[in-house]
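Take a look at this single chain in structure tokens; it is the form predicted alone.
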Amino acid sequence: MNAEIIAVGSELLLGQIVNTNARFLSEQLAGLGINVFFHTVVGDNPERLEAAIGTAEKRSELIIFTGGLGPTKDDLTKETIAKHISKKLVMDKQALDSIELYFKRTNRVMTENNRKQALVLEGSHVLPNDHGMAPGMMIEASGHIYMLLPGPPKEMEPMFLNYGCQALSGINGSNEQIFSRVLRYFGIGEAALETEILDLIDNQSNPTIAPLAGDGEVTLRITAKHANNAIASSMLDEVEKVINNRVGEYFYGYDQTSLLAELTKYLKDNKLTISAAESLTGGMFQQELTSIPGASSVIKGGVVCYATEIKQQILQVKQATIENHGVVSEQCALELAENVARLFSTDIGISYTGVAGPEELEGKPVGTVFIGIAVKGRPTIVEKLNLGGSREANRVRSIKYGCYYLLRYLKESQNAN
């Protein structure tokens, strides 16, 4: 079965809100073995909505609508669909009772237009709304299945999980499910990674391989279809092994993890502590690291050393280092990393210094970055980057590279022992 998701709401087209519903539904439908080939967004206009429905019917058996089920005049999804499939709207007593009870419980006056939310397509399977007022519904007509869901994610998501999934189970005519796994890579570009596995992509069938680049890293989504969970998992294991035999040196984790999360886990597992000296990144590394649950056991603190005098007075970078090499230098990054680890009594010190932009500094171009890594009992290393991008992008990518280089150095040191 092929599905299409139609999000209704002018606020989506105006960019006032983001269409997270489509992402959520696509993920859920994949787990049911239902293919989603199109996402459509249409404003609060009955003519345009009806045209969108007509287009969707030509290419999809299942059409899921989100939004437009509320009490106001611009909420017109079910009215438009009712007209399109020649069905009446009837009052659902259970939904109406629930709406009336809500207003009574909150001691508010219920206006007449709120009754509109309890209208459903005649003959439809009603989906209760446990977190709002307007119920959802599903109906089959003229060889198509139409599912209507509310727009607010806090209402739509639990409605689909609790009632929509069950309503759709079995209608696909197949017990196959779709199983996906995301492989995450850093330190290699999308084009370079694709080149390494191009023959695998060209010859893919089941499982499939889909590259995706974003925020300075690359992910591969590998997807298998099978009725048996264990067999599907084995299929994914096999293709993952083949891929990582070629590009495994850049692999760092699965699914929704991040470099910062992987770094935090490694430090926790090995009972290591870290401190940071941040010039270029202005505290972003510490901010991002402390957003990870469990970070309190690994990070002791750090210094935002944006000004040269702070590098000297607080982090004790030598005057000669600054005079001879400058603050954007390998030597400065090395002293910052070693000194912050010593001052905070941590196992690891990491430092960031460089030129974020928009202008060059000390004769060095925008995107020049030095990352110092001091690990107790190991030689201090400094990694140099030559990034090209906006000021914000350079800072974000520097943090990721710092995590990547530190993880790599720690694992290499562990293997050496």
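Heads up: residue numbers just count along the shown sequence, starting at 1. C-alpha atoms forming the largest set that superposes within 1.5 Å between two forms make up the rigid core. Bear in mind the structure is a predicted one, so any value in this text is a computation, not a measurement.
A second form of this protein, the form predicted in complex with a further copy of the same chain, is not displayed here; the remarks below concern that form.
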*Do all of T208, E360 and G389 end up near a further copy of the same chain in the predicted complex, with near meaning a heavy atom within 4.5 Å?*
no
*Can you say which of 347-355, 363-371, 38-46, 381-389 gets within 4.5 Å of a further copy of the same chain in the predicted complex, counting heavy atoms only?*
38-46
*Can any non-hydrogen atom of S142 be found within 4.5 angstroms of a further copy of the same chain in the predicted complex?*
no
*Report yes if any heavy atom of N114 sits within 4.5 Å of a heavy atom of a further copy of the same chain in the predicted complex; otherwise report no.*
no
*Non-hydrogen atom contact P135 with a further copy of the same chain in the predicted complex at 4.5 angstroms*: no
*Proximity of L12 to a further copy of the same chain in the predicted complex, heavy atoms at 4.5 Å*: yes
*Within 4.5 Å of a further copy of the same chain in the predicted complex, heavy atoms considered, which of T281, S124, N129, T264?*
T281
*Which pick from L168, L193, L119, V304 sits with a heavy atom within 4.5 Å of a further copy of the same chain in the predicted complex?*
V304
*Listed by sequence position, which residues of 71-99 have a non-hydrogen atom within 4.5 angstroms of a further copy of the same chain in the predicted complex?*
none
*Taking the rigid core as the reference frame, is the Cα of L32 displaced by 2 Å or more between the shown form and the other one?*
yes
*Would you say T368 moves its Cα by 2 Å or more between the shown form and the other one, aligning on the core?*
no
*Honestly, after the rigid core fit, is G9 moving at least 2 Å at Cα between the shown form and the other one?*
yes
*Direction of Cα pair change A224-R23 in the predicted complex, magnitude 3 angstroms or more*: farther
*Classify the change in Cα distance between N203 and H39 in the predicted complex as closer or farther, relative to the shown form (magnitude of 3 Å or more).*
farther
